[in-house]
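Read the single chain below, which is given as structure tokens and is the form predicted on its own.
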């Protein structure tokens, strides 16, 4: 346990020292602070536009972080020969992978919470400029950001899985982007082939599409931006199932990553 915590701490410190990540965080932070200016372009829906821009900026930042960190963490250690040195210690490969993911997860969660706290006064200021008939639902906004955090933890786990297979940064990075885009659109494709339009396709094609739908992570299930913007109610059961789905998928991806990395020959 002590070595696992040490690996998590080392991973987290390495992330915090990365100047590029700090620059991206600063850029997104500046964008959020400028939300009241951008929201003025919509005279009738200033509050709604402010929430939309804020949530989109936070979501984009978490996506970039999860892609970069998940794709580069293992690859960078192997490239610099750190992995061979670490694994000579009494550290299992399972602890190494879990320590890497824990450091990434802590960073993503903390960034999401920090950006949420920053967005609160920004949205309040924009909403007070042109009051809306619909009050700001802070719980819905918090749930939307929480769902995004869980979604991008899943993306980070997926990128980490690909990084245990690859010997370069590019394969896990672009493979994760491809899966993310496919998983984001899979719900619409599934509904399309399940409806009347699906009768125009071959049964074998429909079966393949549905099979891929059940294998790919359904990232659209974590999109809670519309209820946050317009103050719509949530189903507690739906939120619980979405959370359970995300947690189970992350666990599966980490188990696969550990099994693959345990069998990998390191230089």
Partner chain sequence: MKSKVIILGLIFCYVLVVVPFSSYLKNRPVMLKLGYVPAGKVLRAIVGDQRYLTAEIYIVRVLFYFGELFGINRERVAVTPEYFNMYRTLENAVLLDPYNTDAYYFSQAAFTWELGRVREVNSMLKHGMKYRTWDYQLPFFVGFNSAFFLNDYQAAAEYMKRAAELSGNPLFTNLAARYFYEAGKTDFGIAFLETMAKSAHDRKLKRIYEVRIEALRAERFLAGAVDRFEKERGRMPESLRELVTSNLIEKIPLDPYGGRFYLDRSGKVRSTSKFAFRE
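Here the structure is a predicted model, which means the values were calculated and not measured. Residue numbers count along the first chain shown, from 1.
Heads up, the form predicted in complex with its partner chain isn't pictured, but that's what we're talking about next.
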Report summary line: Among 238-246, 64-72, 220-228, 202-210, the stretch whose residues bring a heavy atom within 4.5 Å of its partner chain in the model of the complex is 220-228
Query raised in the report: Using heavy atoms and a 4.5 Å limit, would one call residue 214 a contact residue for its partner chain in the model of the complex?
Result: no
Query raised in the report: Do residue 232 and its partner chain come within 4.5 Å of each other in the model of the complex, heavy atoms counted?
Result: yes
Query raised in the report: Can any non-hydrogen atom of residue 56 be found within 4.5 angstroms of its partner chain in the model of the complex?
Result: yes
Query - Exercise: residue 184 in contact with its partner chain in the model of the complex, heavy atom 4.5 Å - result: yes
Query raised in the report: Which residue among 107, 116, 162, 180 has a heavy atom within 4.5 angstroms of its partner chain in the model of the complex?
Result: 180
Query raised in the report: If you check 125, 138, 174, 130 against its partner chain in the model of the complex, which one has a heavy atom within 4.5 Å?
Result: 130
Query raised in the report: If we check its partner chain in the model of the complex, which of the residues in 146-172 reach within 4.5 angstroms of it by a non-hydrogen atom?
Result: 148, 151, 152
